[in-house]
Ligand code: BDR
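Here's a solo chain for you in structure tokens, the form predicted alone.
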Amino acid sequence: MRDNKSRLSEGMNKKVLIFDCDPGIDDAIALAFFSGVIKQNKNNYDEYYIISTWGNVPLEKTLKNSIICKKIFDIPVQIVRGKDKSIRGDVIFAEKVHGKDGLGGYSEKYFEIAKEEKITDLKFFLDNLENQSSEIEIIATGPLSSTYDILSRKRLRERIQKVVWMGGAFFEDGNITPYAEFNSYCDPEGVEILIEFAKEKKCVYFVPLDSTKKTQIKRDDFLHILETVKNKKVREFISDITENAKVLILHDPLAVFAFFFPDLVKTFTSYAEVDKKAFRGRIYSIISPNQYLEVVYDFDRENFFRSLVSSLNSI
């Protein structure tokens, strides 16, 4: 791949990568993964952005946690203030899983490094992005409320090359209701517009509970794996935020893995619809080779953890 300067000098479009997330413990680990991978592949994109969206906890807390993660993991990104509620206007949080602050009670410990960060408003960011000729790729690991705003703009929509979203449950029970995964339940209108976009451009991947449950690992075993990570600050932070969990399920890191290492995940192609009413967030699907949505159902577990540790060693 050409480096950034060569690509731009040849008149090729700038490449922009957006990470839309709602940190969140596993989002934080996903951001660490993200940071390491982009440091290993410095010339793949020209600009990186984190859009902090409501979800696991309210927006002001996910925004603060995004800043903390940017500082801890030295992520070369600009941070954007995303949406604070769903498209229909309601909210639901996952504080029982992530703690009231989203980081297992540890955001105050790292509060000082979250100060004096320049934050961009979502509308301002999207207006500027519309005026560029950049190609856009998106990783999303929370409710799709902010991604909805991107997909609602025709001039941005037509320049999107790839979207990977952690969300939904296809053949597994849900984790917020018996039939719906949390992110899908939070904003089914966001899921609907992403499915519609997938019909237009076959470049959308869902990473649902069907696959993310396979990342389950005992916290002690996970910390043992991380002993080879050289950055003590990174190890301490991950140890802190996971302190109250005996078992971890690395939902969002798997979305990062699927985005950057697509050859190491297995997918099926599906037709899909999302229920927005009685069974809010439930995804109905039909597997068919002639459909438009790529759904990750399995992955190389050994390579997943190896890639995660390798990336953390690049921070």
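Residue positions are given as counts along the sequence shown, with the first one as 1. As the structure is a computational prediction, the values presented were derived from the model and not from experiment.
Absent from the display: the form predicted together with ligand BDR. The rest refers to it.
Screening Val77, Leu209, Ile195, Leu129 for any heavy atom within 4.5 Å of ligand BDR in the model of the complex leaves a single hit, Leu209. For the candidate spot formed by Asp27, Met166 and Asn183, every residue has a non-hydrogen atom within 4.5 angstroms of ligand BDR in the model of the complex. Heavy atoms within 4.5 Å of ligand BDR in the model of the complex are found in exactly one of 77 to 85, 131 to 139, 173 to 181, 147 to 155, that being 173 to 181. Using a 4.5 angstroms limit between non-hydrogen atoms, Ile160 is distant from ligand BDR in the model of the complex. A residue is said to contact a partner when one of its heavy atoms sits within 4.5 Å of a partner heavy atom; Ser35 fails this definition for ligand BDR in the model of the complex, lying far away. Heavy atoms of Ile238 never reach within 4.5 Å of ligand BDR in the model of the complex, leaving it off the interface. With a 4.5 Å cutoff on heavy atoms, Asn56 counts as touching ligand BDR in the model of the complex. The partner is not shown here, but in the model of the complex the stretch 238 to 269 reaches within 4.5 angstroms of ligand BDR through a heavy atom at His251, Asp252.
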